[in-house]
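Here you get one chain, nothing else, as structure tokens; it is the form predicted alone.
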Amino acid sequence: MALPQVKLDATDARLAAMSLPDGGWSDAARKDALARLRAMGLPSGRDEYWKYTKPDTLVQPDAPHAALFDGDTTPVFSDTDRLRIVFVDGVFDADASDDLTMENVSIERLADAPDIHWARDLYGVLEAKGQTPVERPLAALNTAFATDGVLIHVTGPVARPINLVYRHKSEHSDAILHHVVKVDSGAEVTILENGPAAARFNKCMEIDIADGGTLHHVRAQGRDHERRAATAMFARLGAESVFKSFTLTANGVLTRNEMVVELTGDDAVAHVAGACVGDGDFHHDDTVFITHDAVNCESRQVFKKVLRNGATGVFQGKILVKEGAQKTDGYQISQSLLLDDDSQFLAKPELEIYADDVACSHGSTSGAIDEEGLFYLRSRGIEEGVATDLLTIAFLAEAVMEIEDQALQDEINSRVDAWLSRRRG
């Protein structure tokens, strides 16, 4: 079917402003992604999975303006013993990064990888598979045009978290990063991400977890008010593997986080969670698709959004249970706390099940602050603003508790508390 002219024009205009990098070993994958992108076109508001989120600034030829934000606070995860990999406006900064040598893991830049490399079998592969049954054109754009990123191969337990740090130094920067992570059987790693990255940020991460492997992922999308970001994660899980991901988002004009997870081995576990706090001109979209294609697997989706002063939150989550995926345990919850009458929460939860021995559930609610709880706290002498913040943190707790590491839980809670305190003041 031919693309609508408006979509064709938008796609041609965006591609005309870009140059396909000389990919070397990734060249075939890049050209394949470009062909797929041309066939599907860039997203528009007429697309089913974009009807709640206007993608215009994510697809326009020029990056939108985003003023530099004064870094007046300590960056998140600074108190964590970690290995830092720093990108500035989408370019690796060796001077600001730590030595990339660490036991049980190899880390290389996408741009520096030799022609014969393990990532050749993964780059663009999970992204391409994740285009069915829902098209994800911004991810295809990323695979084709990514200019930097890291390739992480985990061969055993990794002692320290790997922290991908994104910094924003240009008011019109347009960053496209692509990371590939391979976790071997029995290996375990924690990956942290934080920072505003660029005026417009398109990031893709492909994750392949072998049988018995474990990956913990914690992300904090930062304080840059004018940031526009589209991220996509594609994860494939082997037997008895574990994948747990949590994202905190505070501020930003537009954030679209997509997560595509496929459980391909028996007894695999995937937990995906997120919390966001937004104020005013804030639009936050979590779009999740989890496929169960093996026996006795568990998935959880837990998303909480706190919105005020006209902010908008979106959740689109689906659990697909394929034929033969018996003993599936799939859980999905999305909830919003609206702190005024001007904010809105738009939810589209979905279940599609082709097996008969499963336990799957989903729910979505939206409401105001708990007046009874607020009255209780006020009656004990707690000022109304503080009481409201306490109830807000309690509301987000179910999502934050999906983080296994208690120190990282505490770090995320402290960031939420700081965000609330600044607005109370």
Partner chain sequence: MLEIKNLHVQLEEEDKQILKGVDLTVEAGKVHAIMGPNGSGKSTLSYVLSGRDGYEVTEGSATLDGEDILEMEPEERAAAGVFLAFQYPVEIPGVGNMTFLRTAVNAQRKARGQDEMSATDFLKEIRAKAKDLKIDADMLKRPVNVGFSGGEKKRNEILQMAMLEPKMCILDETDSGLDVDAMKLVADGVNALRDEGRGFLVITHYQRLLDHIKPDVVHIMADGRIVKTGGPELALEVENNGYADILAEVA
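What you see is a predicted model, and the numbers here were worked out from it, not measured in a lab. Positions refer to the first chain, counted from 1.
Same protein, other form: the form predicted in complex with its partner chain, not shown, and the subject of what follows.
Stretch 390 to 398 is the contacting one of 44 to 52, 361 to 369, 390 to 398, 29 to 37, since its residues have non-hydrogen atoms within 4.5 Å of its partner chain in the predicted bound form. For the chain shown alone, P61 is not a contact residue for its partner chain in the predicted bound form, no non-hydrogen atom being within 4.5 angstroms. The shortest heavy atom separation between R380 and its partner chain in the predicted bound form is within 4.5 Å. Taking the partner from elsewhere, V386 is found to have a heavy atom lying within 4.5 Å of its partner chain in the predicted bound form.
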